[in-house]
Structure formats: structure tokens, C-alpha cells
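Form predicted on its own, single chain, as C-alpha cells, below.
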């Protein structure tokens, strides 16, 4: 009897090739342990509200009014909601064709796209065209749309930083393209080596792969570094010279925990280089409401902006977006809130009823994240055979674990990758759910794990103490002083 279409052996091979470690073996085991009654600290995914971060009051008030517009007709509405939230809700409802329950244009509500364009212009100092902004169900959906348009087959390559966020490797596999890795330099705080980048393109060409796009993640996930202006200029020049699209994943642009290297968008760097350069690069930039001090991951709101993309191509991308009819309309309101209320642009003004509360909440979240980034980095660096670069931005630490040969051998006997073996032991002993570095890519013989910096500030010392105790016992069990996995410093 021939196999049925949905039998495993009959499935699309590209689906089988997809790997997404953030929700992989470690997460599934953690979920099992949780069902058995074990307390689990899920640091495997950047999900702030799940780890106790409170939602900002003002945007939730506005979205509540938009979701339940009958409240606006209640004579007591001003006793329940501040006047500026009421005004903002009316402003957004007027943009829709039937409230939040109606489809929008497949690109998103025109009024929202206009506000995003104004935000981008204020951020970068250069005008933005709302017609080249598409709203999406989170930035991930936007990345998938653009890769779907770029990748034609297995001979089309996408340059992706390694370590990388597995959205990229999984989507490239699903679409039948080729991932072309360029390795970040851990010894230089995960810096970008342009020679490595050039070598990656040459090696891809030798294999018959044509590189069509380059991904940058700034600030980095999982590595937490912030790209310098000099690095960004080199990247722009490289992409122009190689005639490839630059995909700028900038979803963590509000999450900056040091003052020496602030976030600068790839778009601003491009336009600052003058008209001769700025018209040559095809650039797609991504942003989301899931990160920053908002952390509204479950709302699934994001957008991308296209620069120097031909009108005919924009029409084709619009066709792809139209297949899903409409991005999530409530999330579009959140995205617009983000552009209105981001630290970078135009928060509620002094004198507005919601100003003081918004300032207190948003600054409190970012200040606490900055403290937690330092606490976690210092905690890892105090542990035996662990080294960790400081988290300059984003939401993660990515420490390197120097595994003894006996541990590597034990992992092989257990049929596990060495860092998966370590992370499973950590999970069983402490309840801390992390992601092994092999899920993001790493150099041969080097092992890492990724954890978020999102556990509550008051819990951080206890979590790091628990990790240190486990690590000390693990090293004592397997250490034989006869050599270690390579340690990059």
C-alpha cells in the first residue's frame, strides 16, 4: 500500500530539514518537567511578560477602548480611562473601516503606515514613504515574506551571521535555499570580520551558490552585540559591491544597555553616506512590538520598510502579503503606539495625563534590564570554565562553556550534542530552561548556551547562584585536567 500524503515518509523534505532550537528538545523536556510539578524558569525565549514584566498601562488602556468601543459611549468612561487614552482610541478607530474586527488593507491601515513613516523620519532624519511600509504579524512573518520573494531555489544563498537566530536557518531550509554562514568573532565581542564575509561569498560561489541577500541582526540575537557605525558602513559598501539585498533585523533597537555604542539604523547609515551611495542599496528593515520595553510578544505586531525596491517588485510582495488577507489589526494599533511612544520618538508629552506613569513604567523596565544584563554577565564570568561577553543590547546572554573531555565523551555515549547534554543536565538540576548554542550555530569544538536576561531583577541573584552551583558540580564530576573544549578569548 502506498504511503498517504501526510505520512512522515511522504512529507516535504524541506519541512524535515527545518530546525528551531528555541522550541526544540530542551523546551519540550522543560514542558514535561513542568507537567510533573517541577518549577521551570523558561529563559529559552525572549518572552518578557511570561517572566513577570508588566504591560505598559497607557497602550493597554487604548487597546481596551478600541477592542470595546461601546465603552466610549459610556457616560462614566472618563472615570475609568484618562482623557488622552480616550482621545487616542478614537483616533485609531477612525482609521478602520469597521473597528478592530474588520480586515485592513493587506499592507496594514494607511493611517498606521503614515505614522510609522513619520517615526522613521524622526529617528533617521530622512523621509520615509508609507507605501513602502508593510505591517505584519510580528517581524518574523515579514522576514518570511521577503525571503520567500528572494529565494528561487537551492542555488540562491542568504548570508546569515553565526551564531544566528534560527528563524533564518529554518525559513531558508523551508524555502529550499542555501544558508551561507559568516562567523562573528567572539574574541572581539562578537564583532564582524569583513574578510570572513568576503571568504563566505567566495566559498559559496565555488559551490555554485549565488548570494542574493545578507542578514544583519542589530543588536544581536543571541550574541547581544551592537554594530558600530564603521561596521554598518562596511556592510553597506559590501552589499553594494556584491549587488545583494541587505535585510536589517532591528527588532531590539530599544534594548541598549551601554552608552558607548547606541543603536543606529542601517537606513540612517545608508542615507548619511550621500545620494551616490544611498540609491544603490536594496534594503529591507524589520521592527516589532515584541521587544523593547513593550515586550508584547503575544500581540504579534511588526512591520518592514523597503528602500530602493523597484515598484514592480513591491507589487509582487504585496501579492504575497495579500494571500493572508490582512495583518492582525489590534497589533497594528500596538505597533503605532510603539512608534508614537518609543523612547526614540514622541512619548506622551509633559502635561498629558498619562505622561508621568508612562515615563515611570518605561524607564523602569529599561533601567532594570540594564542592571540584569550586568548581573547575568558578571554571574557567568564568576563560574568555572565559563566566559561571557557583556550583553550590549537585545535580551540575551550567550556564554561559552568550556566542557571537559569526559563530559564530551559522556554526551556522545548519550547520543547528544555536548552543549545539549550540558543544558539538559542544567534543566534537570535547576529548572532553568535554556537553548544550547548548537541551535544557533557555533564554531566546531566550541560550546555555548543562550539564556534571556528577562527573569525578574529580584530573582536574578538566586538564579545565577543556582547556575553556579550546578556548573561547579558538573565540572567537578567531569573534569580530569587533560584538556578542554576550545575557549575563545
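Residue numbers count along the first chain shown, from 1. Computed from a predicted structure; not experimentally measured.
Another form, the form predicted in complex with a further copy of the same chain, is not on view; read the next lines as being about it.
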Proximity to a further copy of the same chain in the predicted complex, single hit among 194, 80, 230, 205 (heavy atom within 4.5 Å): 80
Among the candidates 377, 178, 385, 326, the residue which, in the predicted complex, approaches a further copy of the same chain to within 4.5 Å (heavy atoms): 326
Contact test in the predicted complex: residue 276 vs a further copy of the same chain, heavy atoms, 4.5 Å: no
Contact label in the predicted complex: residue 124 to a further copy of the same chain, heavy atom within 4.5 Å: no
Residue 310 within 4.5 Å of a further copy of the same chain in the predicted complex, heavy atoms: yes
Exercise: residue 291 in contact with a further copy of the same chain in the predicted complex, heavy atom 4.5 Å: yes
Contact stretch among 178 to 186, 362 to 370, 163 to 171, 414 to 422 - heavy atom within 4.5 Å of a further copy of the same chain in the predicted complex: 163 to 171
Every residue of 25, 263 and 430 near a further copy of the same chain in the predicted complex, heavy atom within 4.5 Å: no
In the predicted complex: members of 133 to 159 within 4.5 Å of a further copy of the same chain, any heavy atom: 137, 140, 141, 144, 148, 149, 150, 151, 152
